[in-house]
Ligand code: ARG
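Presented as structure tokens, the chain that follows is alone, the form predicted alone.
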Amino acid sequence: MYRSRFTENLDEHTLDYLSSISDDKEIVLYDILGSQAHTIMLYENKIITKKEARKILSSLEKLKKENLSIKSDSEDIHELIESLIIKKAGKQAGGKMHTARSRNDQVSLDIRMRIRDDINTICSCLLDMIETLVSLAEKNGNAIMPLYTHLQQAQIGFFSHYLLAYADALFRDLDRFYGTYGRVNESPLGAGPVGGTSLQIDRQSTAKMLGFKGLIENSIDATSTRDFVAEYVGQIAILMTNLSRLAEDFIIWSTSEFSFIELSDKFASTSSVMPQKKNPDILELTRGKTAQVIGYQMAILSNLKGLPTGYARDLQQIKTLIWPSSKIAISALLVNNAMLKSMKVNKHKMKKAIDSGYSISLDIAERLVKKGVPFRTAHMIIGKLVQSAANLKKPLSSLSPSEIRKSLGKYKMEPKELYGIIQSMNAYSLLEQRTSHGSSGRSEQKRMILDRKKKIQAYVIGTVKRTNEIKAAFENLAAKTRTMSK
């Protein structure tokens, strides 16, 4: 249909190489909605007649109910839809639907509308998962565990502190998607191929009908930029990286050697030959799918980096990377959230790991600091003490005053005093004393949980508001379409 200049059609292999029909099924509805808004605008600005608009709108409405994933000789969904409208409404009316627009602003519009919806879905899923993490933190308020650096026991802390750390990381993901939404939610429609049109169109009108907050004003920028796609998939890559790190911890903690957590049978797989196996395949796939999305992001940036200004067909290849990225992000959030809700936390195992380690060492050193001992001296004393205990294969609490005396060496400190300090300390009392802002202390856990609950509610209101704004715009567009189709 678009080959006005040429005398020959594309051969079968070339068409298959050129066509994006198979990928465009993700944006069919958005292309129809954009065409409806554009048609109404053309009528309102006296570029087409009411009769012509009625035929086009009626045909577009019928097209919503048809399966457009059939094999076609069209290059893309835009050509296919236009050819079907011309067939249904006649060339005199249907041939005017594409007036004052190009496939260049059309495809940019469709992608923005789809990403906009996907962002709202991702935000909703993120909020659900954050809420689950905060709820688990509150539920496991008394579960204490070793906190790790370099995969070695570092300090003691509450399991809630760990969960809140990932809630906060996901809040940052939420913030990023929120900001990206504002940059996506601008209409390119009416920018034409690259330089606009001489016809008296109203770009603000179509933007409003489609629920956009405003326009991408510059017509070159509107049709040739895909930085918003790179930004969106980049945010997904960061989100998946956070989920992958969480998955890695849970994979380790669900081993028989740790047994800190146990996954529900619904989120585990077994071996084809080893009947005892309970494999964390869901978590492993989260790691694997993260690598996949990072690959998509690199492909998008590689595509964009060398393009000249203005639309180039290379941009078609970007579409194939957006929708799988959205699907991976949404499914990962849904599955991992359900997994979190059903997992069991083994508080006994977590506590036992603390008792067999030396993660209270810093707390003992800080107790000496409170008695006037320089921190570096306290660090050396406790370091020697830990070495002695490790050699004897004992916890610090089992060291006798005489064993402590040997460890002190040149340091002038009464062994009985240090023995008394160690004996007076236990994990729960230490966490009562941990009061620095944002620490793993009990009082800070309660404060942070309450704060995150309030934050969740604020974001829920904002996300629902955005979703409802788009829904209201589409309902108004549907009402206009029905009125004009009569």
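When you see a residue number, it is the position in the sequence shown, counting from 1. Not measured: the values here are computed from a predicted model.
What comes next is about the form predicted in complex with the named molecule, which does not appear here.
With the named molecule omitted here, the record of contacts in the predicted complex names 306 to 314 of 290 to 298, 306 to 314, 81 to 89, 241 to 249, defined by a heavy atom within 4.5 Å.
This chain lacks the partner; the member of 382, 107, 164, 122 within 4.5 angstroms of the named molecule in the predicted complex by a non-hydrogen atom is 107.
A heavy atom within 4.5 Å of the named molecule in the predicted complex is found for one listed residue only; from 363, 118, 76, 231, this is 76. Mapping the unseen interface onto this chain, residue 463 falls outside it, with no heavy atom inside 4.5 Å of the named molecule in the predicted complex. For residue 103, a non-hydrogen atom is located within 4.5 Å of the named molecule in the predicted complex, even though that partner is not displayed.
Contact annotation for residue 98: none of its heavy atoms lies within 4.5 Å of the named molecule in the predicted complex. In the predicted complex, no heavy atom of residue 367 sits within 4.5 Å of the named molecule.
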